[in-house]
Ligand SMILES: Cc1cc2nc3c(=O)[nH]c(=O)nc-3n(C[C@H](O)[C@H](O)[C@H](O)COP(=O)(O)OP(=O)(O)OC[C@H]3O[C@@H](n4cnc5c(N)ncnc54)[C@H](O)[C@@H]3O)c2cc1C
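Read the single chain below, which is given as structure tokens and is the form predicted on its own.
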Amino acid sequence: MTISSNDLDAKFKFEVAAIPGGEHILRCFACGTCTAVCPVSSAFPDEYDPRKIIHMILLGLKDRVLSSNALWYCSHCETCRISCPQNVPFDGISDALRKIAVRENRIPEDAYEIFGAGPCKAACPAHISIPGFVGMIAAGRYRDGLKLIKEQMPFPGICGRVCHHPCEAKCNRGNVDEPIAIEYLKRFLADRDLMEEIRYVPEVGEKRDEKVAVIGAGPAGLSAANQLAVKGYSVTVFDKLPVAGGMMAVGIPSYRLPREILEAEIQTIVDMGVEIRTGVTFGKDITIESLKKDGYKAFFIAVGLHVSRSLNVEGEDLPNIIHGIEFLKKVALKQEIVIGKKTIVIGGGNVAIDVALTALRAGAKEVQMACLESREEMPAWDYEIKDAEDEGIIINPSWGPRRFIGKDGNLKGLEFKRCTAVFDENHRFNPQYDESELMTLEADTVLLTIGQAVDMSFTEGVPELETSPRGPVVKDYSTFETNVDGLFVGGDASYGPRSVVEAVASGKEAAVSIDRYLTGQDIKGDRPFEWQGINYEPSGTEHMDRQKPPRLSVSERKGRFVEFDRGFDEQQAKYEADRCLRICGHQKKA
């Protein structure tokens, strides 16, 4: 039973819950716990005290909220909500502020909403409550910290290992010494939960009648399923691979993402009621029409990029020229592979690094990489490049394949031409070469990792879907709508190759769209919504060294599919969490 209060301007709900002794209304008693834990409460003069806004909202004092300067100081860390001793299930201060703050001429009425917050939360594609979960670690409240993360994304253990952590690049602690190790703190909470006898499973809403089909069990599809399950929808995820996880399962090597971590976090989604069916090909085994006949009312396609691009150069039809994505997939699925002693990897991105390191572990004795980009332009992250070089992989930057060299029908090597520029003056991909400077490398295996594309065969399952040579056409990237009513497309299939956390973010937004579609709301609504990180330059802050997690030495990890990084122990995690400034989200009203 749900009781709505007119006093609260329809912003919050009080739930009736069964407790020993009878039923009891969970409500706000203005006890002050939430105001006491506010991390920015002591940083500013009383008239700007952000604690005031909490009770203003809870008491429904909309006018006072809108006229209070405290509004612009909230860091939106969610600590107030997670600390409520009554467990009042209101929507959260951040969400309430976003909805009721009309900006009072701060920006034009037709402009996108901008919400000031800690720069870490603003920079995170999934906008998880980073200051909140870091604060929970500092306080030793680990399950509460994990709960804050899982409200926004289901993969803290995965992203705690493979995320490119743009949040850290914006961390204001970097103005003092080094950014907070946000990625490792997220992993700490997830790994600790894995050791618990009873693992945390997010609560799901009251069961709804509508069924939703998700095509693709990668990060975007599973994130959408997770968010829809929370809202009570019956969700079935279909994937043509024999395992769930998409590219997390078959594109990220196990030395970066152990399979037990992936499987455990997917199992949590299953425990929330989501059904996952593997080995099902959309367009062959099922279609939109067949799913509609089975009662599904909305659809989300997140098929990922599982096709490698070709070079289209002389000799590419020789044997032992393998697409890198297919190579990683075969290794992950423990299928038979044959790799030569001398292997060349073509490409300079993170996937190419993974392919090269996996080739070493699959039996290659010598691995070289070659890419069009200069060393400074390589798209792979610096620390990944260093890992490759540490293990003896030779990188040849600024070289482009000219022709494959064969003898008696067998691959013998590859001839390269010097690449003088990758992009033109408009930063469009338009490589230029100096063919007077050539280089030849011997090889008995070449792994092509020069880009990924969508396998468009899935469109056989929805022939009316508008497509382009790049993939399905998305009408609006804030909603992920397509030209087909009730059909949404997200993840890499919608915008090209990006990171796991960006796929998670698209899945979240697609879930919002599907919920609004099924409940008859305006899908567009207040979207796109722009988070604005607030810069803060502290003075007089004590220097504290960033914690370094233990890591296997090169000799310990070389040639083995064992995880490199070991993560923080509890002492390191609490020390690192204490480095957080916690007041980065403040700003004065314009």
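This is a predicted model, so every value here is computed, not measured. Throughout, we count residues from 1 along the sequence that is shown.
Beyond the structure shown, there is the form predicted together with the named molecule, which is absent from this document and is the topic of what follows.
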{"item": "Candidate stretches 513 to 521, 403 to 411, 238 to 246, 201 to 209, one within 4.5 Å of the named molecule in the predicted bound form by heavy atom", "value": "238 to 246"}
{"item": "Proximity of N320 to the named molecule in the predicted bound form, heavy atoms at 4.5 Å", "value": "no"}
{"item": "Q452, heavy atom within 4.5 angstroms of the named molecule in the predicted bound form", "value": "yes"}
{"item": "In the predicted bound form, R259 touching the named molecule (heavy atom, 4.5 Å)", "value": "no"}
{"item": "Residue contact check: A302 to the named molecule in the predicted bound form, 4.5 Å heavy atom", "value": "yes"}
{"item": "Contact residue in the predicted bound form, from I395, L360, A421, V280 (heavy atom within 4.5 Å of the named molecule)", "value": "V280"}
{"item": "Proximity to the named molecule in the predicted bound form, single hit among A443, A370, A190, L328 (heavy atom within 4.5 Å)", "value": "L328"}
{"item": "Those residues of 194 to 232 which, in the predicted bound form, come within 4.5 Å of the named molecule by heavy atom", "value": "I215, G216, A217, G218, P219, A220, G221"}
